[in-house]
Every structure is written in structure tokens, then in C-alpha cells.
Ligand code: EPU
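Only one chain is shown below, in C-alpha cells, and it's the form predicted alone.
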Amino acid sequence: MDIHTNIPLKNFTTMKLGGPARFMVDVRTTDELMTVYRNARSKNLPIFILGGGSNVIAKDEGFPGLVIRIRIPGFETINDDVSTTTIKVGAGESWDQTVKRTVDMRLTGMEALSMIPGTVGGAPVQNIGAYGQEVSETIASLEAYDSKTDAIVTLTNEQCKFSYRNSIFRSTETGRYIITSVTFKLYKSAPQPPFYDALQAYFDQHGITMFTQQIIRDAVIAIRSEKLPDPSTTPNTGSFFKNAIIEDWQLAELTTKYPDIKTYEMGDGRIKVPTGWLIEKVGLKGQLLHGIRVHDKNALVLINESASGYADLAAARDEIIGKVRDTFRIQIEQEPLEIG
């Protein structure tokens, strides 16, 4: 376990921006994690936990403390019955490779979350979701290092307080827990309609009427490949903005003015509005702002074409947020976390 110094964060984040981290270390076991965390805390160093770097933004000044990259491996079946299989996966495992393994096992529950970059440990933090599935629907529990009690703890699904793109790990308990493994409960039954609109449209277009986990995964990969740039070759963080959440009274006003508005009922009196649609409607889809390109196939995605630093990204972000707010009176929010 080597601790490296003065490491450029732009090399470890998919937006390819950011200055140096003072220290950086990869940890592959919970014991290593606890050791380096205790040492950093004893020296009063700031600490940031990094997974795949696909949903974080680094600033030009870098990070003055220790960046801990979670690389804890593991994939094991811990329970198997007639209808379900429960697996425990290390936080450092690739998310998409984990999805592939569950699909290969003919398990249902995360196939629509295919091709999302990042690690297993990062998935619960923002409660990743796509095409009608959310990771919280499959999480039975997770293990984490509790920096407050200096112990490894188990948190149930309920204790994580999952909501739309949120959890205690990026709200009430930010920085307290470092996820080391996640336990998923998946199902042996085949996926059943109704499917998310984009998925169903793909099936209709291709005449697909039989559904398996692999068919769902293949469809999602095809759709994402068409709409989303590959962060390994085109600097981006995937969806840069969360979809907007509005109340009933706002919807009535919006549908009068914009009858083609797309909405999704969330079941609690709130309505989800695709932020990509809002950005497109204000005329920013495909535009280049301060070296940041609003993707011409999915306006939720911001691509770093020629930004000279974090300030350019922030200027582009704020311009987009301002135009959406001024037009629709809806405040959209950034999805990626910021280091430091």
C-alpha cells in the first residue's frame, strides 16, 4: 500500500479537470482503509473517498489532504433459494461488470442499470437509477467504515434513507461512512413489462416481444451507446444534472404553456420532469459554453471539449441553471459531487 504525493486529480476523474491531490492511496481491504483513515485523521488531514471518478468534479486548486481510492474486491453468493439470490460485492468492483455477472446468472434487478460507469461502492451514495430501475430496490444492506465510531458497521436499506438520487451518504451523514461492500437481493424470475418508455420504444422498433435479463441489458447498452458519450474517451460525468422534481401546482401552470412537456408521476404528489427536455427547450442543446459542450444527443450531459479549468465548467453550469430557472421557474441541480 503506497501513498503517492502531488497526484493530478484530472487523471482520476472522467471530466478531466482538477489540480493535484496532496496525497493519494489505493486501499484493497477494510484493514488498509481503517489504517490510512486513522493516520490521516491523527495528522488533521482532510479526507476524500474516490471510486471510479465518474460522478465527481475536482477544482483547479486540487485537494489539500488525502484522497482514498476504494479498490476493495469481492463477489460471493451468500444466500440462494427458489426465487432469489443474495450476493455480496466489494465496493471497489466495477459497477457494470457486476451487472454483467448478475445478468449472466440470469438474475433480475439491475439489468437496466447497465453501462453506468463507476464502482459498486459509489452506486448507493447517489442511489443510481436508469430506465425504470434504482439500485436501492435491490440493496438488502451494506457494510461501511463508520468514521464516527471507528468501526465497521452494517446498515440496512431503510437506514440508508434512499430517495431520488440521494441517500444519507450525500446528505445527513456526508463523510461519515465509507462503503466497503454492498449486499444485493436479486430475483430469478424474468423481467416483466411495463417497461420504461425508452426501453419499450426500442423493443417495439426492433420487434422484441420476449424479455430476458440479457435482452434488457443489450437494449440499454444500445440506447446508452447512441445517446451518451463514453467517458473513457470523451470527458464527461454522464448526467450532469438531476431530473427536476416539481409539485402539482407547478405542473398545471407548465402544461398550459407547454402542452408537450414530459412528466413522470413519483407517487408522492411530486412529478419528475426530464431536465434534458428543459435544457433543450431553452435552446442550449448542442451549444458550446465556456469550452463545455451541451451534448447534442442528450442535453443532460456536459462534455469538456476545451475548458481550461473548473471555472469554465462552473460558468457553463450556472448559465444553464439560470436559463432554465428564468424560463420555467424551476431550479435544477448538479448531480456530481465536488472534491473538497
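All values derive from a computational prediction rather than experimental measurement. Note that residue numbering begins at 1 and tracks the sequence as displayed.
The same protein has a further form, the form predicted in complex with the named molecule, not shown here; the description that follows concerns it.
Peer 1: Taking R28, G52 and W95 together, does each of them reach the named molecule in the predicted complex with some heavy atom inside 4.5 Å?
Peer 2: Judged in the predicted complex, none of R28, G52 and W95 sits within 4.5 Å of the named molecule.
Peer 1: To test your reading of this chain, name the stretch in 63 to 71, 29 to 37, 291 to 299, 311 to 319 whose heavy atoms come within 4.5 Å of the named molecule in the predicted complex.
Peer 2: Of the stretches listed, the one contacting the partner is 291 to 299.
Peer 1: Looking in the predicted complex, any heavy atom of Y131 within 4.5 Å of the named molecule?
Peer 2: Heavy-atom contact with the named molecule at 4.5 Å: present for Y131.
Peer 1: Mark P124 yes when one of its heavy atoms lies within 4.5 Å of a heavy atom of the named molecule in the predicted complex, and no otherwise.
Peer 2: No, P124 is distant from the partner.
Peer 1: Using 4.5 Å between non-hydrogen atoms, is P46 touching the named molecule in the predicted complex?
Peer 2: P46: no, not in contact with the named molecule in the predicted complex.
Peer 1: Please determine whether Y196 contacts the named molecule in the predicted complex, using a 4.5 Å cut-off between heavy atoms.
Peer 2: Result yes; Y196 sits at the interface with the named molecule in the predicted complex.
Peer 1: Can you pick the one in G90, G109, G238, G118 that has a heavy atom within 4.5 Å of the named molecule in the predicted complex?
Peer 2: Exactly one residue meets the criterion: G238.
Peer 1: Taking the named molecule in the predicted complex as the reference, which of F211, F75, Y187, Y264 has a non-hydrogen atom within 4.5 Å?
Peer 2: Only one option qualifies, and that one is Y264.
Peer 1: Taking only heavy atoms into account, state which residues of 24 to 56 are within 4.5 Å of the named molecule in the predicted complex, ordered by sequence.
Peer 2: Nothing in the stretch sits within 4.5 Å of the partner.
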